[in-house]
Ligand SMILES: Nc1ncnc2c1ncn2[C@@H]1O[C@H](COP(=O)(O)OP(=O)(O)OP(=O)(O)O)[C@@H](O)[C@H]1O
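Only one chain comes next, encoded as structure tokens, the form predicted on its own.
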Amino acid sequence: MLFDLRPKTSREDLFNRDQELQSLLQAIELKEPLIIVYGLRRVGKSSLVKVALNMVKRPSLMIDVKGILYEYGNVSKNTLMREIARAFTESLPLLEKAGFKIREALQRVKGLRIKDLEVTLEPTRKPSFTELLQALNSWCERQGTHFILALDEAQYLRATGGIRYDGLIAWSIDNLPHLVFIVTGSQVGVLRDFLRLEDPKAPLFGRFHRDIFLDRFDEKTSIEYLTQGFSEAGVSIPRDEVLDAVAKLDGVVGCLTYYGYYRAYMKQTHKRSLSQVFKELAALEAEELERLIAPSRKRYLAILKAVASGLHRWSEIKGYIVATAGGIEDSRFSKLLENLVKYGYLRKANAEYQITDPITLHLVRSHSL
């Protein structure tokens, strides 16, 4: 259903993403080695990738890199391999039912143990990520197919403890032609910093890649999305309430989905549904935002409050910070602004800064941080 709170997995539930889906499917079919799916939080990147992987007849895994970081505190080789083993365990029955005998590819990978339908790490051996990639590539070559490794929220691969995952991806692109990498990222600036595609000194410089951008819905599409979702749920919602929800949630499909679920399936009022959207999603975002602002919390918060209150130019925001948080050097202030843009909490356009995510704006204005 459209208002399912989990990422979508079927084509029927992916709303208004035909162009992006076709681009992704084409890139997979052509075995393009690096596909980058990016956009703001909650615009449907994970859903797009999951739907595509379910549509193509190719063996694949999708790894939640952000989840690894939050569970283990880093994305070291061991933690990544542990998550890959877990993902293989979950996927083996489906892969083998579809004719992909992945266990043949995994049996000789150092550090992996396969028993029945379970893949685990051997505690006494160091797992080899490159050996795993080589084994998958060799198996795919024999089978006349290619393997897709999707890394969701890939910007968190920077928290590695020294491993250069961008280098590993570049090495794979150069040497393993039967592997396709899909990386997604909601912190667009941080993802670009991780990949460094335009840096001549970086491993991925000069490598072909396809960019797929997911934007928020415009007003018309947002109205259509809610209207279709309510029709699917068999409920009739006053148009003025739909329009109000669209105005307040600003085309962010994840927010619209939460609103629709509370309104249609939880039978809550319009006002209560909106309140629940901001409460639930703000609680999730607050933890992530706190991680970013912790090193200079007072100044970061001052910047966000300044922008939320209608101050959008560099000099206006700087003046607010000096007045509320004390003096700060121009270079340091610019760096803090740049960080908030990289992590997607601010957008810079025409020399002005805006908070474009309604959940972030709610967090700042409600003093929830």
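Keep in mind that this is a model prediction, so the values were computed, not measured. Sequential numbering from 1, following the sequence displayed.
The protein also exists as the form predicted together with this ligand; that form is not presented, and the subsequent description refers to it.
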Does S46 reach this ligand in the predicted bound form if we count a contact as any heavy atom within 4.5 Å? yes
Evaluate D13 for contact with this ligand in the predicted bound form, applying a 4.5 angstroms cut-off between non-hydrogen atoms, and reply yes or no. yes
Note to self: Using a 4.5 angstroms cut-off on non-hydrogen atoms, would H367 count as touching this ligand in the predicted bound form?
What the structure shows: no
Partner contact for L53 in the predicted bound form: this ligand, 4.5 angstroms, heavy atom: no
Assert contact_stretch over 122 to 130, 248 to 256, 171 to 179, 70 to 78 against this ligand in the predicted bound form, heavy atom within 4.5 Å, equals 248 to 256
query: Would you say all of L243, V277 and D357 touch this ligand in the predicted bound form, counting a heavy atom within 4.5 Å as a touch?
result: no
Exactly one of F100, Y225, Y262, F194 comes within 4.5 Å of this ligand in the predicted bound form through a heavy atom, and that residue is Y225
Exactly one of A302, L40, L336, I36 comes within 4.5 Å of this ligand in the predicted bound form through a heavy atom, and that residue is L40
Near this ligand in the predicted bound form, with a heavy atom at 4.5 Å or closer, the residues from 1 to 36 are L2, D4, L5, R6, P7, K8, D13, L14, F15, R17
